[in-house]
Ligand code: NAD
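Shown below, as structure tokens, is a lone chain in the form predicted on its own; questions about how it binds or moves come after it.
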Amino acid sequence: MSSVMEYQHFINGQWTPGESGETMDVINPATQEVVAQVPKGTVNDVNKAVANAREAFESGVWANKSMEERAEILLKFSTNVLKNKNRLAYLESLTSGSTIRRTMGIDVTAVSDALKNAVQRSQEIPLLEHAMCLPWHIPQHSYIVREPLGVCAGIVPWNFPMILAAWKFAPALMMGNSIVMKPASITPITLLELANLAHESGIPAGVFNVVTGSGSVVGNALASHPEIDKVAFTGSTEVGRQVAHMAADGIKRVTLELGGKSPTIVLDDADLDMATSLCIHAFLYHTGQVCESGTRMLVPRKMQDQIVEMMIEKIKKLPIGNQLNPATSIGPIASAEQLETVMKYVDIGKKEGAQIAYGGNRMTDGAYGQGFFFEPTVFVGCNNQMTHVREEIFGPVQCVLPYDDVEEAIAIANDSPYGLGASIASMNATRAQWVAKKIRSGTVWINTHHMLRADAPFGGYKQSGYGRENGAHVLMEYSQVKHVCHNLVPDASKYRYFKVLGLN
């Protein structure tokens, strides 16, 4: 690019310069070229955004609108997202390394779907419920109402900047909350663009705010802020623990969508063409930088060599290159830091005795040398106690684990601190569903992987987090219930409850 795009925070419905004047560079991971600059946010920037969000909430300018009024505006927002599809997809790919084929075909549409799903699912949850007035009780009317929480914070990672942001702001807005969001430092600009689109679509000033900056400053300030009522965080388990600790001091609601080390279980009745394609997709989607990537590949011992050979032949045919080329299937790693992490774990795997059947190296020839490219890597000779098998790598690394019977496969799959996703390859639906029931994971796919739906809940077991995003379940995460109990005997002399207490 010939020029660098310049952005500001989006606070109170307008572009707002950062207090310090300092900026952060945003780069293209395929070329290391600086493509944008954003403010390096401060605690005071966060305070300003939260204050505006609180003022907007308390004013009722959004919270007091009817569900129908909010739905109309969110559907307009959804339409405007699709109208800006080309720009949003380009910026998402440019900064995150996601292939343009995917961001055009999936990511932008997923943002629109998240907004539409929040609207549609809101029609399924009761906003008002009435409790029965039992004749032998004191006459009273009890009813339960569902209300917004207040001011929410959304902290978003760098792998799917738009989608994972939409999973937070769509339900938060639908339920009448205000929100302050922090994008990842290396991929901030599409969320800023979405906040501006939201305002242009009719979301009132102060309701949807974005502050850019580091997690240690902006993220921590949001997680610990006394005026924040709920924190939604997607990221590593390590950072998720810190967010939970900070939020606990204020007794805030928290949703955590954290790390994973998802198993893909190939049963001995699987179609091997399907199984090998599934296992490739499971660990190479977005160059392996996905929280529920299938990076523990469980195969029948007697079929291991055949399956690995078939998989490698397919991997060899996948084009690796610049993410803005529509022909590219595998783009770069998102950052130099993440590339170093991948290389570290590959070295650990070799030192602990696993063998590389394919890949294992940084790509440096020609145009590859300008960016953060790493070969798809397949390890064999693994066991479930190896470091690179147990810990999340977040890169294009597959670990093949042989098993002797289905019960052993289930035991290996569940022997993990994580429980975010899992997949099963099988031609036998009954058998596959029996295995799915045994897996301790928030999502289990059969003959597919990464198939996340806006109308189905997503979240983890164990150290993969708690709470759910998507579906109707997420609307419960962004609202609370109030019981109103109305005594229907306003005359104190006739109120039997007071008589029991000796008050009349």
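One-based numbering along the sequence shown. For clarity, every value in this text was computed on a predicted model and none was experimentally measured.
Absent from the display: the form predicted together with this ligand. The rest refers to it.
If you check this ligand in the model of the complex, you find a heavy atom from every one of P157, L258 and F394 within 4.5 Å. Contact with this ligand in the model of the complex, judged by any heavy atom within 4.5 Å, is made by just one of F208, F233, F77, F283: F233. Proximity to this ligand in the model of the complex, taken as a non-hydrogen atom within 4.5 angstroms, holds for one residue of S277, N325, Q242, Q304, which is Q242.
In the model of the complex, no heavy atom of N361 sits within 4.5 Å of this ligand. The closest non-hydrogen atom of S216 lies within 4.5 Å of this ligand in the model of the complex. Residue contact with this ligand in the model of the complex: P183 places a heavy atom within 4.5 Å of it. At least one heavy atom of L164 is located within 4.5 Å of this ligand in the model of the complex. For this ligand in the model of the complex, the listed stretch (380 to 388, 142 to 150, 258 to 266, 398 to 406) containing residues with heavy atoms inside 4.5 Å is 258 to 266. Contacts of stretch 284 to 309 with this ligand in the model of the complex, defined by any heavy atom lying within 4.5 Å, are made by C291 alone.
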